[in-house]
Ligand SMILES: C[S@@+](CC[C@H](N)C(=O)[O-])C[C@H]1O[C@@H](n2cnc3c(N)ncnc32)[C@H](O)[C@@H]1O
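What follows is a single chain, given as structure tokens, in the form predicted alone.
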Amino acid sequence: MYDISGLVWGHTVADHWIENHKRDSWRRQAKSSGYRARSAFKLLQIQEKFKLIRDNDVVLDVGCHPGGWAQVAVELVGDDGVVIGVDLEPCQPVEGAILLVGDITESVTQDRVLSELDGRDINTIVSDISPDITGNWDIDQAVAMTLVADVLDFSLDLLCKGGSFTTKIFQGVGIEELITAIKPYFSDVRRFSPMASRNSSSEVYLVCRNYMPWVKRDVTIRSTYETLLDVKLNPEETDTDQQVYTSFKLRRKK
């Protein structure tokens, strides 16, 4: 007699996943609406609540594959708006959008974005970017947080006064420190969970509104975030010489 228990278990799990996939109402809605992914509804729900993207805006879409957010952004900015998408993976063209393939943290890709902007300020930055998942939660979380910081360190100076930045983050270690590092540059920073996010997902979207370009930035957001995180994770090493973040700089706590 053959031992088929593993095969039966695997078959059952696979069938369960497929059935859930088919029952995903957001995925069905995306398909019927012409969007490439259910994630399009996440941006639509963020837009419905916060009104981030307006007619004629310039939008930078970071982590644009497979193109669902770019589709939504094109609809929102209208014929005279500009949508520039960037992703490591190539995706099918989106009519009305400029889609670039490259790493947003590398200078060659950043130069291409600057070239496409041609001196125009960005009104809205949206990012559904995720790092390559290793399966090690601590590592994946750390990489995700620093990736958000890196994206902001490049794009913040390109954002117009009053502009917005929205990014996917994951609940866990480092999220409060990242928010603290970002808060000084926007008058309103809050977390939001779209209905289109899976119930089992730890993802949440950080919505930052009304960029204040006059706030001085002496250090990068990433270095600020990493300093704050180090203070949290290694308090015994920083009790007597702790660095505390203010709106303008890192200063020694007396």
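The structure presented is a predicted model; accordingly, all values stated were derived computationally and were not measured. A residue's number is simply how far along the shown sequence it sits, counting from 1.
We do not show the form predicted together with this ligand, though everything after this point is about it.
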property: All of 67, 131 and 147 with a heavy atom within 4.5 Å of this ligand in the predicted complex; result: yes
property: One stretch from 180-188, 121-129, 152-160, 76-84 that, in the predicted complex, holds residues within 4.5 Å of this ligand by heavy atom; result: 121-129
property: Interface membership of residue 88, this ligand in the predicted complex, 4.5 Å heavy atom rule; result: yes
property: Contact label in the predicted complex: residue 168 to this ligand, heavy atom within 4.5 Å; result: yes
property: Close approach of residue 207 to this ligand in the predicted complex, 4.5 Å, heavy atom; result: no
property: Contact flag, residue 96 vs this ligand in the predicted complex, heavy atom cut 4.5 Å; result: no
property: This ligand: the contacting residue among 138, 176, 111, 103 in the predicted complex [heavy atom, 4.5 Å]; result: 103
property: Residue among 44, 37, 229, 196 with a heavy atom within 4.5 Å of this ligand in the predicted complex; result: 37
